[in-house]
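Presented as structure tokens, the chain that follows is alone, the form predicted on its own.
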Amino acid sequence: MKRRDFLKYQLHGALWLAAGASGLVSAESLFAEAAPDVAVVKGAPGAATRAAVELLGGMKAFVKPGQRVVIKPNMSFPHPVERGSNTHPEVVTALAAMCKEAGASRVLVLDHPLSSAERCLEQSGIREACQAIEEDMVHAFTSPSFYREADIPKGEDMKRNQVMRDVLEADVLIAAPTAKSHSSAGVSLSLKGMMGLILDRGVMHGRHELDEAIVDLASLLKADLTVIDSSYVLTTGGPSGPGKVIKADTVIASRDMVAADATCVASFEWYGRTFKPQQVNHIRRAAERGLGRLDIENLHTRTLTL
């Protein structure tokens, strides 16, 4: 994304705030209400991201001045955003910009790619887009030197793994996955996405039971804010694609990783049919272990169309 385009979409978000969503209610009245458990916003990726976070109380509710923030998107594959395997660059830049506006001292965008790091950084478009905010913000770490061994105190199957140092040292963790299917886990959303912050994810498929290990890892790497990019939902063929992609132009946000993932599962078709969140093993187990709620029918969800 060129700087001119970045400024253009940031302005779009600001205009939305000034005008009010859909022209039906004022922006002020929207934000004056109690923050919902889940925010679902349809619209252009950057503006929808900003609106969803504002509905939750704004980025200042999550990031305090001087804090160090890590944003974890999907950028593990050298594919354009339309394929649905990587997070939309406008979602990532909107989050990064809001973190800086909230006073974050450092914002890093990190992932451990499954393909060539350089090709992923280039072809996902995320590195170029974030350069409009700050140089050297986006990294795809593959060297063991960027990781250190960490205990997982609440792990029931996986007790230890090597986690990115910057993540362990961060004050705030933001999960920003794209919504996509996954051949082993059913879906790959915020809970599954934490696997991109460890060095050896292979042990989660081989040595450990995958669904249980996903929950173990999420008990350590519990995002403070989850923003699921559902601009292009990869409903089959995940995690890399190609597969059936639904252009949904939607962003789902929550303080609760489980609630965000559950809402996303219920919002779209997967493998040509609908599923209940309880049918996805790692989401159900995460709820059973107290990491969040999947009873989305009882949650306060705010929906908005820009």
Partner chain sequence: MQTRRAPGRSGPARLRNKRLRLPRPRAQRLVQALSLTLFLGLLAAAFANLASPVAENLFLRLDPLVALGTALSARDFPAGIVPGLLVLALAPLLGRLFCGWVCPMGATVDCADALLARRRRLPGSLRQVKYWLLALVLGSALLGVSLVFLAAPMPLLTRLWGLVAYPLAALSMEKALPLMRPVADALDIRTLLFLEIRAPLFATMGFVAVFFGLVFAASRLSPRFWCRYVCPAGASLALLSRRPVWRRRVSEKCIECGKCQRACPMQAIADDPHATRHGECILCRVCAGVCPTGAIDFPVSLPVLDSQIAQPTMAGRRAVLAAGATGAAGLVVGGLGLAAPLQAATVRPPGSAPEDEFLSRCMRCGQCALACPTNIIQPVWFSSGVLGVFSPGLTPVRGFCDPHCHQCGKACPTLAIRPLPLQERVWAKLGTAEVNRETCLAWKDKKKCLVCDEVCPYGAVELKPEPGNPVYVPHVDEKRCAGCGYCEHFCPVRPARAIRVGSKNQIRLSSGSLQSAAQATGLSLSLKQDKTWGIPAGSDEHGLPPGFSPLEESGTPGAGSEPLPPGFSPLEPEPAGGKPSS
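Here the structure is a predicted model, which means the values were calculated and not measured. Positions refer to the first chain, counted from 1.
There is also a form predicted in complex with its partner chain; it is not shown, and the following applies to it.
Visitor: Taking P144, D166 and E209 as a possible spot, do all three reach its partner chain in the predicted complex with a heavy atom inside 4.5 Å?
Guide: Every residue of the spot touches its partner chain in the predicted complex.
Visitor: Would you point out which of 76-84, 90-98, 222-230, 124-132 contains residues with a non-hydrogen atom within 4.5 Å of its partner chain in the predicted complex?
Guide: Of the stretches listed, the one contacting the partner is 76-84.
Visitor: Can Q162 be called a contact residue for its partner chain in the predicted complex at 4.5 Å between heavy atoms?
Guide: Q162: no, not in contact with its partner chain in the predicted complex.
Visitor: Does S267 reach its partner chain in the predicted complex if we count a contact as any heavy atom within 4.5 Å?
Guide: No, S267 is distant from the partner.
Visitor: Answer for G186 alone: is it within 4.5 Å of its partner chain in the predicted complex, judged on heavy atom distances?
Guide: Yes.
Visitor: So in the predicted complex, does any heavy atom of G46 sit within 4.5 Å of its partner chain?
Guide: Taking the distances in the predicted complex, the answer for G46 is no, it never comes within 4.5 Å of its partner chain.
Visitor: Pick from K60, K42, R68, K247: which has a non-hydrogen atom within 4.5 Å of its partner chain in the predicted complex?
Guide: Contact with its partner chain in the predicted complex is made by R68 alone.
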